[in-house]
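As a starting point, one isolated chain is supplied in structure tokens, in the form predicted alone.
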């Protein structure tokens, strides 16, 4: 959280016109008088105007400007979260806002360590997914550039389609100057990648019983890090529905409400508790949610990074080749998933035992794997703070929560 936090105050204390002015070309010369970094304006002079032999525009500046990396300082959730930290820890405000100091020791996000502990380290780099290569020889500069193989597209595709659309919707408030069609294109590209390469779901071992129905849902991860990875507000979960021959719902676990909350999730209902990991689900208020959950030094569940003392749950889906028995503390599985023999490298298997003695005829089972970049509780907890940045984000979230989640994979099975 500390890295780059100094930029927060510059942005949130200024109006849209002032924010736009602050994005003008400038150089940070560091503490020793020499240049420490250049803004993107210094890059685009040479690295825009790049076209492949078949006419595709792969300009680095154009591709990059619609990414979450380019818009990170305008991210209203980040602004609200940093403001919360300064309110919670006023004695450490200077350190929180100092981009060169480390505050806290709990690992917030370590996708590289997750990748390093997986089989992907042998055959697939991070850039393979997040900077897909151009297949044609293309110059990397518009100034005397020679064609080079495998130019990486600077799209930096990630997982935050939700924030890209929020930035677009509230672009005037946040000082966003990227053309709206580019942000929407980036959001759609993010969704395509999430729905194409991320995971699959299968329904297996279905059986009718005297009491109802039993079956298993298997989830397979296709990514080279935990799913979800990155900032701990992210979560993936199983939404499972059973309908009878008339279309009547006889069982449902994991439905998402228009406000972004998951039905049956203990943490969305009560900020002090959390939903445990399941090997077997028997009731509608039991939901398999793949997430990381922190507690403070007193064991109270928290979404404040600097209050976080340890993870009591981390059952995020493991990548192929990830050995949970040898994982370091920074990437370890936490909670009941650690002892679950069906929670292994590459995925998970959950058994459902549903009592529905009055369900006649055939039954249709549907299983969705859903993903949400900013979970309901992570957003709503900011509402407790009386600050412009926190209240602004909660208002944005409440207005857009219906589009806060996405189906990553789907499967269905008809049981006669």
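These numbers were taken from a predicted model, which means no experiment stands behind them. Numbering follows the first chain given and starts at 1.
FYI, the form predicted together with a small molecule isn't displayed, but the following is about it.
Chemist: Pick the stretch from 164-172, 222-230, 254-262, 292-300 whose residues have a heavy atom within 4.5 Å of the small molecule in the predicted bound form.
Modeler: Selected range: 222-230.
Chemist: Among 111, 132, 346, 107, which has any heavy atom within 4.5 Å of the small molecule in the predicted bound form?
Modeler: By the 4.5 Å criterion, the partner-contacting residue is 111.
Chemist: Exactly one of 362, 38, 57, 54 has a non-hydrogen atom within 4.5 Å of the small molecule in the predicted bound form; which residue is it?
Modeler: It is 38.
Chemist: With the partner left out here, if you bring back the small molecule in the predicted bound form, are 201, 212 and 410 all within 4.5 Å of it by some heavy atom?
Modeler: None of them does, since no heavy atom lies within 4.5 Å of the partner.
Chemist: So in the predicted bound form, is the small molecule close enough to residue 80 to count as touching (4.5 Å, heavy atoms)?
Modeler: Contact with the small molecule, no.
Chemist: Does at least one non-hydrogen atom of residue 239 fall within 4.5 angstroms of the small molecule in the predicted bound form?
Modeler: Output for residue 239 is no: heavy atoms all beyond 4.5 Å of the small molecule.
Chemist: Is there a heavy atom of residue 146 lying 4.5 Å or less from a heavy atom of the small molecule in the predicted bound form?
Modeler: So residue 146 counts as contacting the small molecule.
Chemist: Mark residue 176 yes when one of its heavy atoms lies within 4.5 Å of a heavy atom of the small molecule in the predicted bound form, and no otherwise.
Modeler: Answer no; every heavy atom of residue 176 is more than 4.5 Å from the small molecule in the predicted bound form.
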